[in-house]
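Single chain ahead, by itself, as structure tokens, in the form predicted alone.
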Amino acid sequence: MKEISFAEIVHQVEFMCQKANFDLGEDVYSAFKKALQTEKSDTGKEILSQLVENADIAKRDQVPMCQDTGTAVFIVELGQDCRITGGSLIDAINEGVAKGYSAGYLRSSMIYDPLNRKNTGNNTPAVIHIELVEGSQLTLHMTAKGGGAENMSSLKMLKPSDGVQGIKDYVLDVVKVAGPNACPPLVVGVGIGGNFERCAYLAKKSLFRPIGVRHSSKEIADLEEELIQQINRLGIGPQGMGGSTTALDVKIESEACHIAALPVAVNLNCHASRHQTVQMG
């Protein structure tokens, strides 16, 4: 039985929260550079150049790349032979988020209640999903998920008869409605299957996969590629100013569902696709 201390988790989470907001990550940064080579609009190229410069400044000066430093969302892979000592896993993550956002001078965006709208003051609570896995390691995947793109996300219970074409039409409709409001170029996460709540989780989980890494299923990987091409033909472009780079990537996660159902969720991420992973144990 591997033991991991409460204090170590707090320390790692504090680090992750700041690094995610200061360092865009090589996969997203490379996608910006690649898009600069293919973007057809002069305005689009200028905006992409500004996004690259912004990322460079954030990393160099250790400042947030965007004023919306996001909801701290975690997917936790907890080994069944791993034991947390000195406190609970949930409390450790939340304490790390509070410390990371406070020490990094990151904006606090979380409120106690959707109705009274009172700010919690430290960007907690985090949104935490725990998956029990084999082994004795603890792996924390974290994203700082901005509110603008999240607000333009959507879920729909399609009919099985809608099929693949119905899925494609729905994803394109969500991106069209979002337009400039989700701060393109986007990373588009799609969840297919499960049930009402599970497909939303699958869409969110897909966003943790690095840009350019295709799904292991050829059928789904081909659908990802097709959707990237179709979305980029919409002409929305960087920051909605027109162009051929509306999406940097499309990622799909799929799993079993009821015979009478075809749940589909689309979770949009803005160009600041911030994610970090830490493994302990």
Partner chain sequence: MPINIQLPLTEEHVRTLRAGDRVLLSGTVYTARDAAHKRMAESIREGKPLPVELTGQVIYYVGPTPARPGEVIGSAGPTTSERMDLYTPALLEKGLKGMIGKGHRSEVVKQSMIDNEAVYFGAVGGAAALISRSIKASRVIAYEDLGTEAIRKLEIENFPVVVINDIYGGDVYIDSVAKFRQDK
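Positions refer to the first chain, counted from 1. What you see is a predicted model; the values in this text were computed from it and never measured.
One more form of this protein exists, namely the form predicted together with its partner chain; it is left out here, but the text below deals with it.
Chemist: Taking any heavy atom pair closer than or equal to 4.5 Å as contact, tell me whether Pro180 reaches its partner chain in the model of the complex.
Modeler: Flag for Pro180 set to yes.
Chemist: Ala256: heavy atom within 4.5 Å of its partner chain in the model of the complex?
Modeler: No.
Chemist: Taking heavy atoms only, is Lys218 within 4.5 angstroms of its partner chain in the model of the complex?
Modeler: Contact check for Lys218: no, nothing within 4.5 Å of its partner chain in the model of the complex.
Chemist: I'd like to check something about Lys156: if you look in the model of the complex, is any of its heavy atoms closer than or equal to 4.5 Å to a heavy atom of its partner chain?
Modeler: Judged by the heavy-atom cut-off of 4.5 Å, Lys156 is well away from its partner chain in the model of the complex.
Chemist: Using a 4.5 Å heavy atom cut-off, which residue among Val187, Val97, Val190, Leu106 comes into contact with its partner chain in the model of the complex?
Modeler: By the 4.5 Å heavy-atom cutoff, the listed residue in contact is Leu106.
Chemist: So in the model of the complex, are Gly148, Ile236 and Gln239 all sitting within 4.5 Å of its partner chain, heavy atoms only?
Modeler: The answer is yes; Gly148, Ile236 and Gln239 each reach its partner chain.
Chemist: Though the partner is not shown here, which residues of 52-85 have a heavy atom within 4.5 Å of its partner chain in the model of the complex?
Modeler: Counting only heavy atoms within 4.5 Å of its partner chain in the model of the complex, the contacting residues of 52-85 are Glu53, Asn54, Ile57, Ala58, Asp61, Gln62, Val63, Pro64, Met65, Cys66, Gln67, Thr69.
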